[in-house]
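Shown next as structure tokens: one chain only, the form predicted on its own.
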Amino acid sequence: MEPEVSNQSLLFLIVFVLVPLTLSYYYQLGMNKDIVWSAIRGTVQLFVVGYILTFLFDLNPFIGIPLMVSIMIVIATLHARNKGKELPNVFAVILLGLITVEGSVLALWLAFDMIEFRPSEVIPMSGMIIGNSMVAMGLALERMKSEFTENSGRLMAALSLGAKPNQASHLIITKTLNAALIPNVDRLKTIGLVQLPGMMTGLILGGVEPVMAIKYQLVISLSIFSSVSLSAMFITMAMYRYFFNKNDQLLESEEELRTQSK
């Protein structure tokens, strides 16, 4: 018997929304509208996606999979771009990075028979890869901007002593990559001990044997770990150079960055 959550039971989920809403109201956090809107929007989005996936799962895999994966990549690119929209060519770089990472991971899955090329397997797993890569790119962009701002004096000193942009930026690149990778390293250290991961939990609830669920979870967990690493490295190495002009001078303000992007 497959587990099922009734529509009546879903109504009681409002309790989980009332908790943060009450805290926001009591401590005057000013997040009441955001909490309500996020809950409503998330619910609607999930149901819409559910109906879309039901439609896509019935399509030919060579139509449904590329269509949905392309939509996910474009949406992820638009979201991650907001973290560094003042940087030149950021949309194209993120788009290329996500396509490369997703394509590489999917090719390995199929080459080693980890999954089958059907929408019910490729789309959910690809969504996790794309989503985590998007977050990694966004974090890397934010951290990199922060590091360049905080270390502008040190960078200019290094440049004045004859250092090239890649040499002057080495420490910033290292810190940016560390910041992007540490959460995933910590998550892998405690996987299965602190919490049962989402995919594994879902498969077990769906009636899959725990050992088989673990195998699938390992596939997605290690794939995410690799994709996050590649995404952070790709965006960092591709974008750090835009913090310098053609004369290898540091651009200190967002206006200068925007000017360079035109």
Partner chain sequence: MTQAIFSFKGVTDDILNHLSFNIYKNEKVMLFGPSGAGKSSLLFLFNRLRDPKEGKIEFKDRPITEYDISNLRRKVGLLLQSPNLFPGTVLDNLKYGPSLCGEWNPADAKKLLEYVQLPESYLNRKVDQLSGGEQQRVSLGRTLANSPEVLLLDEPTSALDYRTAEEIEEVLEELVDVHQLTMVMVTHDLRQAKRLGERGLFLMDGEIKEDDQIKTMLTEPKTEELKDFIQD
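Residue numbers count along the first chain shown, from 1. Since the model is a prediction, treat every value here as computed from it, not as a measurement.
What comes next is about the form predicted together with its partner chain, which is not displayed.
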Since the chain is shown here on its own, which stretch among 124-132, 159-167, 79-87, 107-115 would lie within 4.5 Å of its partner chain in the model of the complex, judged by heavy atoms? 159-167
Sort through 171, 95, 191, 75 and report the residue having a heavy atom within 4.5 Å of its partner chain in the model of the complex. 171
Are any of the heavy atoms in residue 249 no more than 4.5 Å from a heavy atom of its partner chain in the model of the complex? yes
I'd like to check something about residue 154: if you look in the model of the complex, is any of its heavy atoms closer than or equal to 4.5 Å to a heavy atom of its partner chain? yes
